[in-house]
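Below, in structure tokens: the form predicted on its own, a single chain.
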């Protein structure tokens, strides 16, 4: 009998995990438009949010649905996927605890611009837009930060589209791995381990290429000792060389 395959990734299963008040306050305090609030103010903000749990691969909401909620990741990882007119899925981003997604619009007719799925088991905090609008009225500094962050996200989205349309595929994949290492990288015996399950299809979708092409590029990077990989995990052995490839 062959030996059982193991993974160096942490266990992201929900198990007995619960979104405790202390954990909720910690992650809400990491959201960029809440990070200037003190502990008492965050406790008031927390009362506007409710916790939900989703299992890996479960869809949280669909692109073009009526946008009714703002959400914050507390545990696990969430992926944002855009469906193109050509029928392809493009992976826009992976979100870690403390990051938000959903709707920031103060109008009542907005729709979600992407589909979101749980990459791992996740705990999510959610607030309805009516409650979020009341928070903006109560905390004008938060409202100003929301305006700034909305503009920054628009610029970031345009930059991602530029990468998907102008850079060679190898540079796109290197850029994605560098970006993910900044969010999910953790030093380990394997290298800078990306602490989330990551398939070749995920990388292919994120780079706007085929799974076969992504696999070929990843194999080349591994042969050159720039990365180390296993079943659904990636570790970066030489971040400087990878960054050089990403920069062309």
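Residue numbers count along the first chain shown, from 1. Given the structure is predicted, the values throughout are model-derived calculations rather than measurements.
Not pictured, yet referred to below: the form predicted together with the DNA.
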Give a yes or no on whether each residue among 7, 198 and 216 has a heavy atom within 4.5 Å of the DNA in the predicted bound form. yes
Taking 4.5 angstroms as the heavy atom distance cut-off, pick the stretch from 59 to 67, 207 to 215, 177 to 185, 26 to 34 that is near the DNA in the predicted bound form. 207 to 215
Can you pick the one in 232, 225, 20, 13 that has a heavy atom within 4.5 Å of the DNA in the predicted bound form? 232
Heavy atom within 4.5 Å of the DNA in the predicted bound form, from candidates 95, 91, 169, 118, belongs to 169
